[in-house]
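Here's a solo chain for you in structure tokens, the form predicted alone.
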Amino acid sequence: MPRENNSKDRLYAEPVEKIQDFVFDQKVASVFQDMIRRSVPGYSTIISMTGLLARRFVQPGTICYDLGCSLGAGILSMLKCIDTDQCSIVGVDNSPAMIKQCRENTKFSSERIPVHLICADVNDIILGNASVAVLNFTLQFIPLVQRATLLKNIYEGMVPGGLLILSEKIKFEDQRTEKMHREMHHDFKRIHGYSDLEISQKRAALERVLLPETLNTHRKRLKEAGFSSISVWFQCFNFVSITALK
């Protein structure tokens, strides 16, 4: 995990007259560790298992990509778990603030496995020789029309037997199920200290930039990209993590 940061997320604690679209700027980066821990059920499990999955599927002489690496939690999990030094890790994020903090969090973490960080849009990255690719809560922020192309590019940049880890907030086709999981997610936030005002204002900030899709949509797109053996290995309310193999 990233180094301990005691900054508490209070970005939406006070009433905002005009709520702007959510962006991963310096304000968010400074509280992101607290924000995601209190906002995403099962986040710590997903991160720790990202490392274990990478350990099993990394191949000597290949690269592990963390696309949308934020503060580097997924990278640190892979560094902790991978038992070969014949690989490297590439982290990509389009937020300069996130990359800056990620660099601080990972710079002393491993002398065995090289870590390269790139500040760029994940859609502009050409993957190559990848045995593991991680998209932890990244695809949901990509415009809908670009998602299929991104997954196809990831597939084409992977070696045979490569693993994709895709973690996402999802929506449900059945409206009663959608309502139940949405309300349970809000309850999760409440028990972690968020007020109704904070929940409401952040939801408004995210509604045009975080666009969840159904699990069936994700499965279909992964198959169309070429992936097989697609499996949900984790779910908590409306948050899932999927594995897919080349």
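What you see is a predicted model, and the numbers here were worked out from it, not measured in a lab. Numbers for residues come from their place in the sequence shown, where the first is 1.
Keep in mind that the form predicted together with a small molecule is missing from the display, and what follows is about it.
**Student:** Y12 versus the small molecule, in the predicted complex: is there a non-hydrogen atom within 4.5 Å?
**Tutor:** No, Y12 stays farther than 4.5 Å from the small molecule in the predicted complex.
**Student:** Find out whether any non-hydrogen atom of C69 is located within 4.5 angstroms of the small molecule in the predicted complex, and reply yes or no.
**Tutor:** Flag for C69 set to yes.
**Student:** So in the predicted complex, does E156 come within 4.5 Å of the small molecule, heavy atom to heavy atom?
**Tutor:** No - in the predicted complex, heavy atoms of E156 and the small molecule never come within 4.5 Å of each other.
**Student:** Just checking whether A120 would be counted as a contact of the small molecule in the predicted complex - the rule being heavy atoms within 4.5 angstroms.
**Tutor:** Contact with the small molecule, yes.
**Student:** Looking at heavy atoms inside 4.5 Å, which stretch does the small molecule contact in the predicted complex, given the options 171 to 179, 100 to 108, 79 to 87, 138 to 146?
**Tutor:** Stretch 138 to 146 is the one.
**Student:** In the predicted complex, does each residue in the set M49, L53 and Y65 place a non-hydrogen atom within 4.5 angstroms of the small molecule?
**Tutor:** Spot residues vs the small molecule: no contact at all.
**Student:** Let me know the one among A73, A130, L151, L164 whose heavy atoms come within 4.5 Å of the small molecule in the predicted complex, would you?
**Tutor:** By the 4.5 Å heavy-atom cutoff, the listed residue in contact is A73.
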